[in-house]
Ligand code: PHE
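A lone chain, given as structure tokens: the form predicted alone.
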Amino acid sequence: MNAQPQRIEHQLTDKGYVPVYTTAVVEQPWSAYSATDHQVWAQLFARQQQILPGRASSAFLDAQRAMHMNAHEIPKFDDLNRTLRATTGWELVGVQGLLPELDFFDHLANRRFPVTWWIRTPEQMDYLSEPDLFHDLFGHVPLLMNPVFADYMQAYGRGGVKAHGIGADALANLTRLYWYTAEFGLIRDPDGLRIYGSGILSSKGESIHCLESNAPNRIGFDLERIMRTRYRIDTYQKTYFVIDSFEQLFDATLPDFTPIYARLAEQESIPAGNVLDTDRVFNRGTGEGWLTDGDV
């Protein structure tokens, strides 16, 4: 363990933000959080708590209540770990910033979820170019209480370790799966479409946009279609994929992906906003406000 955690952030250059990676696992320096840190957590937590009922999946809301997260102060990892370990065998580990892919996959494969120890500044309340404590802890961690989703995340980690050994194209395919599920996924709840992706759950604007705007596509889950689809890192998504259940998501990870990677290598990637004739379409987006370039 690193005794003195650092705040490792992306670096702003004349070409935009450049990722900076770190591999250290650190203790959460809870006593070092400032009053401003706790206030930022409180404001973000309270804001999302007002927005998410009726928009977030029931599984997420139930899990968050079970973990006793609240706006009073930044949660302690040790307290959350007691609940997580007893429920699904997962635990949180503190990290200083963005991890290299293989380190991230290894953590997930061993039921460890990396949580950035530091929280954004008041000036970054509405947008941050990288994961911080609020994104990781508020958005990702509650669903690790769900046994099926927890198993999916471990299976994804194991698949990531394998894809890393196959090559860059396989990694790109697998990254798209994580992006469109764990980060920006929607699910069909009994009362309608709901949010389960952390990138949406931790964002005021996208929590509303993904469900209520006519601009984006909302398309039924299709594993290989998702693994071919480019995405946005600088704006709201052009397309959101909808799962029927977490069981559907987990079952999709059961096959060996090696032949899938081979098939995908022979096909072109799909622009983020395209709708295919074979898609199960919940909403065909108007495309209002879309940028014409920048898909990754």
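Keep in mind the model is a prediction, meaning the values are calculated, not measured. Residue numbers here begin at 1 and follow the sequence given.
Just so you know, the form predicted together with the named molecule exists too; it's not on screen, but the next bit is about it.
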How about W41 - does it come within 4.5 Å of the named molecule in the model of the complex, if we only consider non-hydrogen atoms? no
Classify A35 as contacting or not contacting the named molecule in the model of the complex by the rule of any non-hydrogen atom within 4.5 angstroms, answering yes or no. no
E266, heavy atom within 4.5 angstroms of the named molecule in the model of the complex: no
Should Y156 be classed as touching the named molecule in the model of the complex when contacts are defined as heavy atoms within 4.5 Å? yes
Looking at 24-32, 247-255, 267-275, 41-49, which one sits within 4.5 Å of the named molecule in the model of the complex if you count heavy atoms only? 247-255
Please pick, from F105, Y152, F138, W117, the one residue with any non-hydrogen atom lying within 4.5 angstroms of the named molecule in the model of the complex. Y152
Between V95, L133, L174, I187, only one gets a heavy atom within 4.5 angstroms of the named molecule in the model of the complex; which residue is that? L174
